[in-house]
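Here you get one chain, nothing else, as structure tokens; it is the form predicted on its own.
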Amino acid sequence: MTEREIIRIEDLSKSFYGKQGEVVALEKIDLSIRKGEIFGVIGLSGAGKSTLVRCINFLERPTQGRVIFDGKDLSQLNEAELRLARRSMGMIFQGFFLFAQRTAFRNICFPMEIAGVYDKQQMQERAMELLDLVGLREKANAYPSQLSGGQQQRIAIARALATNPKVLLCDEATSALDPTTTQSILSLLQDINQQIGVTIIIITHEMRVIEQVCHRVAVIDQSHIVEVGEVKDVFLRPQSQIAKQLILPRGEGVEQVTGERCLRIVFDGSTPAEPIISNMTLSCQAAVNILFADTKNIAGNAVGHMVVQLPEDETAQARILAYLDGKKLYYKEERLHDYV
């Protein structure tokens, strides 16, 4: 384990057994998560995301493999040592799971009460500090039923931070929220990461969550990690079929087609601000169909994809490719039926 790593997962598998026999939830997972980063894990429902996050803190014990957290192999710890390690891993969930009979203030105090190492004054000071951090000091005495969904999730985040964890695990933490509230929660997590340096692991099925805040991402499909990389690299050049499906959704094509050949053109933020497609059609005297287009702001850079359908004429195709080469734009051939 290197100095930069906070978590290393080695050859991890997890199976469940029931009436239908063995169900493999995770198989041969290898991941390295760095200190201070926001790391995303994305996949479709049933891919194994939530099982993975529960294996990271040993709420689910892996069938095989190791989870090394902050230099310690969790499989080698006794129950007391494991509870101590979990204190350094806060967790927030899609359903908030606040105690209905406790105020926001007392919900935040709960992990400190369980830990048994904080006196009353320390708990009060820490709870108010965290209420300030999540912007809800005025809601200290409110009960969960008196809070909006976004406010409840902010209190859940504050509670997860109560014992000063080194890692914050977020399991579909924004899935129950509307888009505007999701944006504010993601901005809060980003601020927390920058202010206190806590490592954040975000489990999600939403690419927009990954794009907004994560530094790196792992793509999980059918119990396997199929792709890992910097968010910008995975977004611009997805290698796995499931990553392409998540980034380049189907069903947004056009009905009229002119040819079978398609190109995905990538804009990585380094090209000048100019109407590339318009200039290309004028320069090459060849029209293209735009089948898909998407631009994102990732790490302050405007990046995006555009999938275009080329004309049938091979000479026109050659002119278009030469134009793109001259502009030093990355492009890759795609299959037409993925977009129409």
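Predicted model only: the values in this text are computed from it and were never measured. We number the residues from 1 along the sequence you see.
The following text describes the form predicted together with a small molecule, which does not appear among the structures shown.
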Quick one: find which of 18-26, 328-336, 5-13, 315-323 has residues within 4.5 Å of the small molecule in the model of the complex by heavy atom distance. 18-26
If you check Q285, S278, S45, T295 against the small molecule in the model of the complex, which one has a heavy atom within 4.5 Å? S45
Using a 4.5 Å heavy atom cut-off, state whether H305 contacts the small molecule in the model of the complex. no
Going by a heavy atom distance of 4.5 Å, is T63 a contact of the small molecule in the model of the complex? no
Does at least one non-hydrogen atom of N289 fall within 4.5 angstroms of the small molecule in the model of the complex? no
Partner contact for S32 in the model of the complex: the small molecule, 4.5 angstroms, heavy atom: no
